[in-house]
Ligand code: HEC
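A single chain, nothing else alongside it, follows as structure tokens in the form predicted on its own.
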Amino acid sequence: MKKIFLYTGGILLFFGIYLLYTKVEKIVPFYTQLTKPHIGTEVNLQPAEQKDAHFVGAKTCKKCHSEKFDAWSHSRHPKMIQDIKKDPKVVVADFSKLPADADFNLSEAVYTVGGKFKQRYMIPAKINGHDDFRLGNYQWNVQTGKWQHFKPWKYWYKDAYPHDNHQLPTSRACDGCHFTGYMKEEKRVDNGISCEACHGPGSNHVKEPENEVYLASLADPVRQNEVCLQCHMRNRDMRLKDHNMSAIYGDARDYPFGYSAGDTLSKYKLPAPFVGKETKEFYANGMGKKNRTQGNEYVHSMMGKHGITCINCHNPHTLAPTAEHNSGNKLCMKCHSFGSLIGPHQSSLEAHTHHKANSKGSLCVECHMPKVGRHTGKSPLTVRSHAFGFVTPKETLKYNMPKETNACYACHKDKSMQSLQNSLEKWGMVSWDKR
């Protein structure tokens, strides 16, 4: 009898473990990451031998890491700053239509800034007695195919610089994130975002490969994200924590000056404040109205709080998937599955979305990463939220968001917001806390 009992118990235990495993099997590969002890944001994680290193440039890294270099070289990161004199084809604007009141021309421009959504142009300038660059008073809107007036002082540092783009140096506004090396050393070591922007300075590693560089993938989830958040999180100058704007007039920085990967970002970066009401950067629910607010949203998301990181979804060298080249639901279902502990908690895609499986309404990103932001005030809504929360039609109205930011209305413009809200409530997709 005892043997039968033990045998039966063994079988039940086996099936219990099997059933539990089938509910969590997709989480298993991430177990070590999700359970890493949090080290704290005030600890410098750079290897000891890297702390006195300097930047050497991506071409030096290529000698030993050619595969990763080649993958990176085809991504958008190295193209954030491009040399017009070396390759005139990097200019995407139609300079034959440049407005007559433009304060620059193509022959004066040295570098392009961006080019996927908008493109700005850097012109050499002497500012405060130093050789620097300024931005032209027009930018090319790639999405609309038109020139658009540009006033760089309109951003948060509007009280820190003269309202004259000839007096606002790119060394304070752009270069920290767009040139590798400038954030830490004030040297434009590489155009664009290259290896050392994410791994820290590599001179000691080059001298002796056993001297390590920072590998964010080995850090706890909070610190792992910092290499991305150094630029993909809107911020304020850290000095504003203790001083008012007048104290840093003419020197306010739009990047965490002094930071390099692995160091403690909180020492250099003051996140742009969300004050509980709509601002130029955020809607009243905290979602970003502009580009480069991924970090501001993500740190408050359920994904961020539970230890999922940027590189769990984006390849750090190729950046894939990107907005225009996503993988449908494949990426999301790498972790999620129907009936699993982390959901969706329905038995099928159609049961979860109330849309046909092959329709736009059944794409995860359409509902959980709606297009809520613009790259410029005149750009279409194309910046996807990284808050990962479903915004109902009622919430869209409550927070005074454009109707198109609501995933339902984005497809069903023939229906009223109230009727769309009624459908969600009828389906049971809106609980008491969303009504």
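Computed from a prediction, not measured in an experiment: that's the story for all the values here. Residue numbers run from 1 along the displayed sequence.
Note that the form predicted together with this ligand isn't included here; everything after this is about it.
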Quick check on this chain: which one of 116, 163, 243, 280 has a heavy atom within 4.5 Å of this ligand in the predicted complex? 116
Considering this ligand in the predicted complex, which of 221, 258, 316, 286 comes within 4.5 Å of it through any heavy atom? 316
Okay, which stretch from 270-278, 100-108, 244-252, 359-367 lines this ligand in the predicted complex, with non-hydrogen atoms inside 4.5 Å? 359-367
Three-residue site 80, 303 and 424 fully in contact with this ligand in the predicted complex at 4.5 Å by heavy atom: yes
Would residue 265 show up as a contact with this ligand in the predicted complex if we use heavy atoms at 4.5 Å? no
Can you tell me if residue 378 lies within 4.5 angstroms of this ligand in the predicted complex, counting non-hydrogen atoms only? no
Considering non-hydrogen atoms and a 4.5 Å limit, does this ligand approach residue 90 in the predicted complex? no
Is residue 199 part of the interface with this ligand in the predicted complex - any heavy atom within 4.5 Å? yes
Applying a 4.5 angstroms cut-off on non-hydrogen atoms, the residues of 190-210 near this ligand in the predicted complex are 193, 194, 195, 196, 197, 198, 199, 202, 205, 206, 209
